[in-house]
Structures are given as C-alpha cells and as structure tokens.
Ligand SMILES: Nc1ncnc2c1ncn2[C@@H]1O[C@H](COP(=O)(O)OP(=O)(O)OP(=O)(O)O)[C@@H](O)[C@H]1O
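This document starts with one chain, in the form predicted alone, laid out as structure tokens.
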C-alpha cells in the first residue's frame, strides 16, 4: 500500500514544490512507483511535469501526475494507493479546507521552511494544525545559506515550539532552480554532486521514519 507524503506550509515561497519534485525524481530513479498530486493553484508542479515530458518524452518521465479534485480526494486516494509506492502531494500555501484535507490523509507531512524570522512566524500556525490532526510532521530547513547564524537561531526556536526538525538540510544552490525550470531534478544530473547528496540524505531520512 502506497505511502502518502504531503509537502505543506501555509507560507508561500518556501521551495516546497522544488523539494517535492526532487524527492519524486529520487524515488522514481530508485525504481519506486511514484505519483504526484498538484493541489497548489499556481500549478508549478504541473508545469514542471510538462517540462519533464518535453525533456524526456511523453512516456518516459517515471512519475504519474494525478488529477486533484478536493471533492473526491479521499476516495481517489483509496482507489489508487495500491498502485504506487509513494504518492506525493504539493499542497496549497494556505490553511484552507484543501490543505487540512491533505494533512488529514497524509501518512507524513514535510514542512519546508527557510531559516528566517518571517518563515518561523508563518510556519508555527501550520504546525499547530498538523499537531491537531496527530500527524507525523517534520520541518525541513530549505534554501539554507552557509554559515548563516539565522539557521541555528531558527532551529532553537522551532525546537522550543516543539517541532521535529530533519537532520537533512537543503542548500540555496542555484542548480535547484536551473534543473526545475527544465523538468529535471538534481539527481538526474549526477548522483555524486553535493546537491544530489542533500536530496538523497533527505529521501533516506523520510523513508527511515515511516
């Protein structure tokens, strides 16, 4: 039975779509069957899938994009869970009926957040929502700058707020944006690069915690 992972935060601009796409590529390239739901009205994940089809060909992208309908979402998940190892959901950047419904159905909630005071304040209400649903949630620090004092300060504040923080951190390297724009992930380029090692480490950490 497939595991359902949502990449969610009410704060926009945290890089959740790029992170979700890179994890989808990692698992697909590792011979897992992967599907994605694009529940974000901006449809960035859908545009990424379309770019990926142009790059690799219509039938050779390794990832299935499923049609998201909030009115039938619960039943849709029950119908397709058996067909995939992982179902990744790119959630809307808000606290709405849709985002609450996604959290409710997820086996694991990944909350990307940039190490800034604005992200910290915006992330806390969403973490409270997830806790009320009694879901397994992990904050992933994304777009982390090297030697940034803000990163350690945010970690301390998140821990004080009771948040679980991943050991894996994702850097702000431009290769993430460059590969995303053409429908690729960093592990498509080389599994030995520093950015690929970041994604592999995070992917393995998510798997270990199921």
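It should be emphasised that the depicted structure is a prediction, and the values quoted were computed from it without experimental measurement. Residue numbers count along the first chain shown, from 1.
Quick note: we don't show the form predicted in complex with this ligand, though the next part is all about it.
- When this ligand is considered in the model of the complex, residue 176 lines it closely, a heavy atom lying within 4.5 Å.
- Although the partner is absent from this view, residue 184 stays clear of this ligand in the model of the complex, with no non-hydrogen atom inside 4.5 angstroms.
- Residue contact check for residue 170: one or more of its heavy atoms lie within 4.5 Å of this ligand in the model of the complex.
- Remark: residue 69 does not count among the residues lining this ligand in the model of the complex, judged by a heavy atom distance of 4.5 Å or less.
- Residues within 4.5 angstroms of this ligand in the model of the complex, judged by any non-hydrogen atom, belong to 135-143 and to none of the other stretches in 135-143, 80-88, 102-110, 122-130.
- In sequence order, 40, 42 are the residues of 26-58 having a heavy atom within 4.5 Å of this ligand in the model of the complex; the partner itself is omitted from this view.
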